[in-house]
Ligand SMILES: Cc1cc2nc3c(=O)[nH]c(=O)nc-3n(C[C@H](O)[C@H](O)[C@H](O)COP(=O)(O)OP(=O)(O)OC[C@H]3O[C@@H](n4cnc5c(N)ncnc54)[C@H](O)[C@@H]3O)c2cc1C
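Just the one chain here, the form predicted on its own, laid out as structure tokens.
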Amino acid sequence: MGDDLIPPSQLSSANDDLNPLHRREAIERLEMTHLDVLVIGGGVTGIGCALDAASRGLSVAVVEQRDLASGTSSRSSKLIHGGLRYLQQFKFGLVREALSERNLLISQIAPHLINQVDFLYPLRNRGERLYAGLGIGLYDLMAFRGSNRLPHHKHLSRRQVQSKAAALSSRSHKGAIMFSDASVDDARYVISVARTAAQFGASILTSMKVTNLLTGNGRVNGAVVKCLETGREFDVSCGTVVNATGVWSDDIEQFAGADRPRVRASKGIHLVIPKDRVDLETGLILRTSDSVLFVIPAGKHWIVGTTDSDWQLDRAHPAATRQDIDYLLTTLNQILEAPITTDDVVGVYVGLRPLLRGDEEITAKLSREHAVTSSREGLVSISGGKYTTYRIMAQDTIDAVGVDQGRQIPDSTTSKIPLIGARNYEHVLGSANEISESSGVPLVSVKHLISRHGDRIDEVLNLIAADESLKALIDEDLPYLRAEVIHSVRFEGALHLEDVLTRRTKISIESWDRGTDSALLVAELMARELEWDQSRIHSEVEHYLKRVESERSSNTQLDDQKADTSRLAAGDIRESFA
């Protein structure tokens, strides 16, 4: 950590525990207080805006209609990268900016959550070595100018490739180039940013839906917000509304009278495959006719993705079809010695990228760069962008808030703010053996907790010290502890069973049963914290089981329309309790 980081003494005394008490008090403040900034959207961009604003001394609240990271920010490729394919599109500025942010996240902001990941880029003919080598070399050079912490690329012979990637067919390559990027548990990252924002005094509220914007004196000056847990609706007054809703951006703009769509949704699907099914020591990146295909290491699994196609149906529940899945498997099998089948797929998840509209009809060609706009005074919208550059997007957005309000606000300092869990991460990691011995928690579980909670591991260990039964695993085949369920409610804002199974953990995509066997156990653990009765436990479990059933059904459909209809059958549990 550098000496120029924000010291703990400058943090607000506000509690960073996102629990039911935080929620109740935050709602009371929303009704009674005039905010500087109201952020709509609880994905990485919206939560990043909250941290940026709060750390500059502005009063800020975030309202999210579902859960933290419930949209695109939990359904990404889990990569923190510059984007090699953007070099092919000559987007050098975008790549340079993203690589600089990648290095900052690894070295200072979130070293506990960002991990180095190595990739092989197979060369399909001898001439490609020069062409690809120049491109990846330029990628390294751009990263080096940003204080790169990752190793430089290497050229590998066919024999060297076979030693690292036995799964590859010998006919599929003429050697390879190995280079490094970074990966992240995307939903956990958003939660860490949210808790850090709360340290600076931000109010973080999920299950809160904006139903309209308020106006007065020719400008937007607030929003009408509905609590989806109680059904109660009330007005929130603020200086500027920040629209950070991703693929829902145009909906919020329409409340302010805008009629020109700015954002187009692009569907990206990902398959989760057991590690032992593909014999690789590193990840893979393959060029396709219109995009790239990644095979990304993720714990005991590989993530295979992604697609890039237009999506015009229900944005809350994007669906993968059998055709989507077959496309990814067919593309991957072109280079594997032993083919992968649908029987090898543990889980499937789908995300929607918010792309800036252009004249192109193909979403793969639309802009990944972000735009900060103001269609009406009092409303600032952030559109487009990519996960890796969320901090820059948030900085630009809050700068625009200052312009909108005609006031001089302090410069952004988020480049110097480590996220919760980061500050003493290296020391805690070095003490893993001692922590295991003193706590009685197996070393493998201690390392798992450190990789997710960093120097906040004591929050989970203290729960285990008070109740040893929480040391047990939720699912014997996965690393998640029962204590993490309690932690997700007391510290991380989880309100529903789906929040824990799909975002606080990844049980929903990492278990063969998609979390159905764990649902009742997790619901009963949550019930202790949220005072659920047996009827509520039953409702939460039934909703989750229906969601899994509808997802499985959609994966077998032949077209997106049928898939969308199937998924809608599960509904949205937040609305059902209002």
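Note that residue numbering begins at 1 and tracks the sequence as displayed. Not measured: the values here are computed from a predicted model.
Note that the form predicted together with the named molecule isn't included here; everything after this is about it.
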{"item": "The unique member of R504, H496, R75, R102 whose heavy atoms fall within 4.5 Å of the named molecule in the predicted complex", "value": "R75"}
{"item": "Listed residue (R391, R452, R195, H270) with a non-hydrogen atom within 4.5 angstroms of the named molecule in the predicted complex", "value": "H270"}
{"item": "Stretch in contact in the predicted complex with the named molecule, which is absent here, among 510-518, 543-551, 35-43, 51-59 (heavy atoms within 4.5 Å)", "value": "35-43"}
{"item": "S203 within 4.5 Å of the named molecule in the predicted complex, heavy atoms", "value": "no"}
{"item": "Partner proximity in the predicted complex: S70 to the named molecule, non-hydrogen atom cutoff 4.5 Å", "value": "yes"}
{"item": "Contact flag, P418 vs the named molecule in the predicted complex, heavy atom cut 4.5 Å", "value": "no"}
{"item": "is_contact(F491, the named molecule) in the predicted complex, heavy atom dist at most 4.5 Å", "value": "no"}
{"item": "Any residue of 240-265 that, in the predicted complex, places a heavy atom within 4.5 Å of the named molecule", "value": "A244, T245, G246, W248, I252"}
